[in-house]
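This document opens with one chain alone, in structure tokens, the form predicted on its own.
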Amino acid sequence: MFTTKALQEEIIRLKKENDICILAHAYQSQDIWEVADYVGDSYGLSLEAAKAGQTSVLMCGVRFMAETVKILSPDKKVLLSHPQAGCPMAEQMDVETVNQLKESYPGYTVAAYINTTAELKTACDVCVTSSSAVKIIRGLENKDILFIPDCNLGAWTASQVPEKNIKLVEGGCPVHAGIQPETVESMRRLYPEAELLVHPECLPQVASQADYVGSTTGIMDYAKNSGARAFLIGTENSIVQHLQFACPDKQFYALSKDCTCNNMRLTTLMDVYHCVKGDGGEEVRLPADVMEKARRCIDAMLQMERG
């Protein structure tokens, strides 16, 4: 029988012994964070994996994240911590749908949120993240943009880049989109002193009331650096706990008690143990042509971020 501490120590020993880099998405639990080599947003983690010296990478997150790691580190063995950990938003569209949209909007540049499958990225022109969407869309030469699949992130981006003609497609994160404007009103009555920090995957009617709108990492950085003492957190509720650990002198409250990603919750510390031990998780394999085509979409974003 393991205690949490003993299990963490064994995971750390095994990951070193088996040359495994552990990536933990920000929405993973605190006990998993503590054994990870890198913690953060999905795209940032894939960049860290590409630079890491280990021959194997364990993604504690969901499938599209592990696929992005594999695309950027094709020679490394990439494991997904739980085979059933998917993303409803990433799975909302397929290549056939995107090709039909391209026929309906000829000449449009197709911008894909990083939260899409590797296969879907093959039909797109450029990727964006929640933290880079405004910069990337603003920097595109084309005025006409087809933004997929998150209409909420797309709407927020469009509000920041009014000079672009952005067409949105119905889709998005059901967890973030579930937060209703009236929830903001009721929580602000309970905690009137708290600043409201929300993810752009939230409804526009929610984001418009926020003191800060940004990526998960952006939300955490803002809270850490802000002079405010209390915050309402409008993203996956694990972030409340992480900020409580990082800033014990401040108060953090979940904007919505229902903002929980069940796919992220699938991975447990014991799952991580089995993965580094060699009898858990799933190795992510992608066809060479899919990786090549999907990488073009990601590389276009990388080039624009550097520029």
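This structure is a prediction, so every number in the text was calculated from the model and none was measured. Counting begins at 1, following the sequence as shown.
Missing here is the form predicted in complex with 1,3-dihydroxyacetonephosphate; even so, the following discussion is about that form.
Although the partner is absent here, residue 215 is a contact residue: one of its heavy atoms lies within 4.5 angstroms of 1,3-dihydroxyacetonephosphate in the model of the complex.
In the model of the complex, 1,3-dihydroxyacetonephosphate sits within 4.5 Å of a heavy atom belonging to residue 199. With a 4.5 Å cutoff on heavy atoms, residue 115 counts as touching 1,3-dihydroxyacetonephosphate in the model of the complex. When 1,3-dihydroxyacetonephosphate is considered in the model of the complex, residue 42 lines it closely, a heavy atom lying within 4.5 Å. Contact with 1,3-dihydroxyacetonephosphate, judged by heavy atoms within 4.5 Å in the model of the complex, is confined among 250-258, 22-30, 66-74, 268-276 to 22-30.
Residues in 80-101 all lack a heavy atom within 4.5 Å of 1,3-dihydroxyacetonephosphate in the model of the complex.
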